[in-house]
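Just one chain follows, in the form predicted on its own, and it is written as C-alpha cells.
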C-alpha cells in the first residue's frame, strides 16, 4: 500500500517527491551550510502546525526566530501554539529529546504531524576522532532507530538534517553518520547551492521513485518554486 504523503508546500519539491514526505519513514537531508536545509524544515513545520497538528522540533544549532517569523507571517502565534521545541546541549540530551518526542508521538494523546531533528549529527561530529567516537556512534544509532520505529508505528514523517564532510578520495561532499543512517532513511535528499538565491534538491534515494532533481528559491518570506508560483495552502 502506498505511503501517505505530507506536502511540503513547495510545488517543485512536492512533484519530485510524488506528493510530499512519506508519513511512515525518515527523510534524511544533507548539504553544505547555507543550502536551505533548516529553512526547508521550517517551511514544513509551519505547514503542519497550521493544519492543526503538533510538531516536535529538536534543534541543535539555534533556530532563527526571525526566519521562523518570516516563514509564518501572520500565523506565527498559531504555529508556536503547536510547536514543541527542544534545544539539547549535548548528544546525551539530544537522545533524551528524541526519546521523549517519539514516545509522545506513539502515545497519540495529541495529533502529531511531524518530528524534526536539525541537525541530527551536530554533536556527533564533535566526537569524531576522539575517545568517545564509538559511544557517540552508538547513541546516534539508537536515536535514529527510535525515529524509524516511531515513523512506522505512528505514521509520523520524520525530517533528519545531516552535516557533510569532503571525501578525500572522491572530492565530493558526503553525509555524516555512516551506512546505518543511510540505510535507515528511506528517502535521502541532497541540497546544493546554486548562484544567487537558487537551490537544488537532488533525490538521492527513494524506495519507490527514481532519482531526480528540483529547484527552489530562497526569498525573504521562505521558499518557493522557480518563477514564484503561489505555494499551496495548509494540508
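This is a predicted model, so every value here is computed, not measured. Residue numbers count along the first chain shown, from 1.
There is also a form predicted in complex with ligand ATP; it is not shown, and the following applies to it.
Counting any heavy atom within 4.5 Å as contact, can you tell me which stretch out of 181-189, 32-40, 48-56, 204-212 lines ligand ATP in the predicted bound form? That would be stretch 32-40.
Report whether the minimum heavy atom distance between residue 16 and ligand ATP in the predicted bound form is within 4.5 Å. No, residue 16 stays farther than 4.5 Å from ligand ATP in the predicted bound form.
Determine whether any heavy atom of residue 61 comes within 4.5 Å of a heavy atom of ligand ATP in the predicted bound form, and answer yes or no. Yes - in the predicted bound form, heavy atoms of residue 61 and ligand ATP come within 4.5 Å of each other.
5, 27 and 155 all contacting ligand ATP in the predicted bound form, non-hydrogen atom within 4.5 Å: Looking in the predicted bound form, the three residues 5, 27 and 155 all stay beyond 4.5 Å of ligand ATP (heavy atoms).
Are there residues in 64-83 with a heavy atom within 4.5 Å of ligand ATP in the predicted bound form, and which are they, in order? Contacting residue: only 67.
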